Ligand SMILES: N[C@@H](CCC(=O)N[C@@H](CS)C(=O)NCC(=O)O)C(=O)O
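Below sits a lone chain in structure tokens, taken as the form predicted alone.
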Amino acid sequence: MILFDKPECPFCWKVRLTLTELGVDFELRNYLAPYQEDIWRPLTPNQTVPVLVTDDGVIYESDVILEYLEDLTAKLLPESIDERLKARLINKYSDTKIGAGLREVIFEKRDKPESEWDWQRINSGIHTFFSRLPFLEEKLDGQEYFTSQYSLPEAALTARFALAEAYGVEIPEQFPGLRDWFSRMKLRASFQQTAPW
């Protein structure tokens, strides 16, 4: 398998985490490396990464890639229907709700000197991010994982929270379950092997 990847992209990172957790061999190619853009861009109508090239075909959209990996390995989602549904819903929540606030912070800080930052935009993004954590604290409910095993939420939220932390936004102390969960996720070999820094 070949994964065309942008190191700091949370959608790409959750795919890297998942491939690594599942023990799937893959070749990682940076989307901007010489000649790579000419290869991956024609493969996806979205003109974005991640793009996974497999013997079965070309797969784009991070969630479709993860569903493919579940079909391939049957190791990514729990067995019970209700837990599979929970995993998928929290994964979507990560991409849409958690990602929305963090995007404002990251896009404002990335590649700009601090003197040019729009603090109103940053603070609004942080507020949005914090306001969406109670739902996750409740869903985690003191468990080791969001479901009975490492699954979609772990990959998606680990990437989001790590990017948040890299840009100066940490999980507040009022969410001890999430803080503990994230500390454990950062100790996993998959995190160490896939972190973009």
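Every value quoted in this text rests on a predicted model; they were computed, and no experiment measured them. Numbers follow the displayed sequence, beginning with 1.
Keep in mind that the form predicted in complex with this ligand is missing from the display, and what follows is about it.
Undergrad: Which of these residues, 131, 143, 47, 30, gets a heavy atom within 4.5 Å of this ligand in the predicted complex?
TA: Only one listed residue qualifies here, and that residue is 47.
Undergrad: Given that the partner is absent here, does residue 139 sit within 4.5 Å of this ligand in the predicted complex, heavy atoms only?
TA: The answer is no: residue 139 has no heavy atom within 4.5 Å of this ligand.
Undergrad: Wondering, does residue 181 line up within 4.5 Å of this ligand in the predicted complex on heavy atoms?
TA: No, residue 181 stays farther than 4.5 Å from this ligand in the predicted complex.
Undergrad: Taking any heavy atom pair closer than or equal to 4.5 Å as contact, tell me whether residue 62 reaches this ligand in the predicted complex.
TA: Within the cut-off, so yes.
Undergrad: Contact with this ligand in the predicted complex for residue 9, defined as at least one heavy atom pair within 4.5 Å: yes or no?
TA: Residue 9: contacts this ligand in the predicted complex.
Undergrad: Sort through 47-55, 168-176, 147-155, 22-30 and report the only stretch with a non-hydrogen atom within 4.5 Å of this ligand in the predicted complex.
TA: Only one stretch qualifies here: 47-55.
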